[in-house]
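Here you get one chain, nothing else, as structure tokens; it is the form predicted alone.
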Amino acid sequence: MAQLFAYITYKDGVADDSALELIEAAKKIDAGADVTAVVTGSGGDLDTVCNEMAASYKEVIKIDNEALAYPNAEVVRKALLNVLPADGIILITHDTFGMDLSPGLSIKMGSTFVADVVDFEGVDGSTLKIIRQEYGGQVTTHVNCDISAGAVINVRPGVFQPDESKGAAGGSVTDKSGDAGDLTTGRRFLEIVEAEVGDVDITKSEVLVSVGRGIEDEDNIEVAEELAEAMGADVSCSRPIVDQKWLEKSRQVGTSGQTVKPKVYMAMGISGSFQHMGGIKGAPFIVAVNKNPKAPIFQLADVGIVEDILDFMPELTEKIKGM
């Protein structure tokens, strides 16, 4: 079995929630494997994250270079190619950065690439059995992948329960900065443009009532607002609602919107695409209400209710007001 690696992303010295999810994903491939974390960057934040990851991973590879100070998939790709074994299996979170990094990495490594993986069914010889979803989660596909020459696998965030356990003795940090080679590329970092904050900053909200296509009409947004007011929550939404201009962009949750970390997330009429769920961090308590019993959101929800949200939300609002 090839060696397993997990590429860890972070911001402001804090590892992404997916860092511990990738350990659990790796265990589905090989339950007894020791997974090696790979962290790239520059300066004190990098050291902080490496030390944090050493509590969960047996080994952490650190690549420190000024060119890696900002997220640039082209630079990271070059660094990984010079450090990873050609037949290694590397797990990368399926987010916007992972989608930029992974396809080119697999081509350069001459290995298999699979995107948006939601589960693994094990290994049979040199064949890794993978589960993906198609058509917005409406169809589940079972894929057999040849891993004899390694693989780059993008794992959907949120589908694996984070492994919160810590190693008894802690892992080691191996500095391979000197092996990264020349990281000069044609692409260069310019600036980070922060998403605009509207009248409500949903990134700070502890409870969110989030609406999707199931809201059906702009006038029905008021129904969600009444529920949110009763709960002491804020209203957020999925991308189709912003595209319709029913709510402002600052209310959108997802990979192309805001990243939120509420304690409770009420998903009302939201299918649960990876683009939307990729904007939800911190493992909140998720309540999903959707009249489609096969909606992907139900696979991630703590509580799932098959119902029309336009019937459910007013009823819940009245119950809360009566408490």
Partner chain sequence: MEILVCVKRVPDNEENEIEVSADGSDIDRSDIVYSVNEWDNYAVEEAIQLVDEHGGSVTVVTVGDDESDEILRREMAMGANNGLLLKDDAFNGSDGKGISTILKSAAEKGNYDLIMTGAQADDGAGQVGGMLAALLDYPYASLVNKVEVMDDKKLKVGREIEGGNQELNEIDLPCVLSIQTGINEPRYVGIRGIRKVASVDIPSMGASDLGLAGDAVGDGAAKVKKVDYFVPELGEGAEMLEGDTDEIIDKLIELLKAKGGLK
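Residue numbers count along the first chain shown, from 1. Note that the coordinates shown come from a computational prediction; the quantities given were computed from them, not determined experimentally. Take the two forms, find the largest set of C-alpha atoms that superpose within 1.5 Å, and that set is the rigid core.
Quick note: we don't show the form predicted together with the partner chain, though the next part is all about it.
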Checked Gly278, Gly257, Gly272, Gly41 for heavy atoms within 4.5 Å of the partner chain in the predicted complex; positive is Gly257
Residue within 4.5 Å of the partner chain in the predicted complex by heavy atom, from Thr140, Asn220, Asn82, Thr203, is Thr140
Within 4.5 Å of the partner chain in the predicted complex, counting heavy atoms only, one of 61-69, 24-32, 42-50, 261-269 shows up; tell me which. 261-269
Candidate spot Val14, Leu20 and Glu248, all three touching the partner chain in the predicted complex (heavy atom, 4.5 Å): no
State yes or no: in the predicted complex, is some non-hydrogen atom of Glu134 no more than 4.5 angstroms from a non-hydrogen atom of the partner chain? yes
Asp146 near the partner chain in the predicted complex, any heavy atom under 4.5 Å? yes
At 4.5 Å between heavy atoms, is Gly122 in contact with the partner chain in the predicted complex? no
With a cut-off of 4.5 Å between heavy atoms, is Ser177 one of the residues that contacts the partner chain in the predicted complex? no
Suppose contact means any heavy atom within 4.5 Å; which members of 99-116 contact the partner chain in the predicted complex? Met99, Asp100, Pro103, Gly104, Ser106, Ile107, Lys108, Thr112, Phe113, Val114, Ala115, Asp116
So with the core overlaid, does the Cα of Ser106 end up 2 Å or more away between this form and the one not shown? no
Exceeds or equals 2 Å, Cα of Gly122 between this form and the one not shown, core fit: no
Core-aligned, is the CA shift for Val253 between this form and the one not shown 2 angstroms or more? yes
